[in-house]
Every structure is written in C-alpha cells, then in structure tokens.
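Listed next as structure tokens is one chain, alone, in the form predicted on its own.
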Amino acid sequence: MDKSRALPVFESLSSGVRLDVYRLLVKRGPEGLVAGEIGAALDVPPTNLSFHLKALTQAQLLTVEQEGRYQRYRANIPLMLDLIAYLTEECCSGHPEQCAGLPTACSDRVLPPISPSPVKP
C-alpha cells in the first residue's frame, strides 16, 4: 500500500457513523450484515446509512453482495490489515524488536517477525 491508496481509506473513516459501521462489520466477520441490520444496530436512518455505506464501499473498505432484495455488507479485512501494515512498516525505525511487548490486537500478523538480537561476544 502507498500513501495515495491509504488517504481515501482514512478519509472514508473520518466520519463517526462510518467508523461505527466499519467496526461493527469487523466484529461480525465474514458473515457481515444486511443494511437494515446495520441501521438497526447503530440507530441510523436508512437514507443516511446508504450514503455512508456507499462511501465505505467506494473506498473498498466494504464489499457488498446482493441477496434477493437485500444487500449484505462485509468488512474488507485484508485491506484493513494492509493499512495497518502500511502504518507500522517503519515501526521503531526498522527495528521491530523494539516494539515487542506493545499491546496490539494483531501484531503477530502485521509487524515483521521479531528475531532475537544477536549475542555479542
């Protein structure tokens, strides 16, 4: 990922409603939710919600699949992990071992593997 790809993702998450939608869908995992369920869970009116879902979908943070007359939305988890990797790729000036022990939700998947420092004689 590069800066030009990261910026629209951050812009789409700059709304409190969109951030709530995305976090809800991350929590739901691959099952996702249909738009009505999202609106009910977050108490967002349908017209307002469709505006936010469109913005998140255009930023590719969400995928949408037609199911009869409903649309099921899912969080794009690989994109989220790419974004986290982009943010942390320069972690500790290229010395990720300095970040060991920092509490993160998915540090083992995002940060490079931490190798022990070589023992100096």
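Each residue number is its position in the shown sequence, starting from 1. Since this is a predicted model, take the numbers as computed values, not measurements.
Below: the form predicted in complex with the DNA, not depicted.
- No member of the trio Lys27, Gln60 and Pro78 reaches the DNA in the predicted complex with any non-hydrogen atom inside 4.5 Å.
- The closest non-hydrogen atom of Ala85 lies beyond 4.5 Å of the DNA in the predicted complex.
- Using a 4.5 angstroms threshold between heavy atoms, His95 stays clear of the DNA in the predicted complex.
- Residue contact with the DNA in the predicted complex: Leu56 places no heavy atom within 4.5 Å of it.
- The DNA in the predicted complex is not approached by Cys91, whose heavy atoms all lie more than 4.5 angstroms from it.
- Although the DNA is not shown here, in the predicted complex the stretch 65-92 places heavy atoms of Gln66, Gly68, Arg69, Tyr70, Gln71, Tyr73 within 4.5 Å of it, in sequence order.
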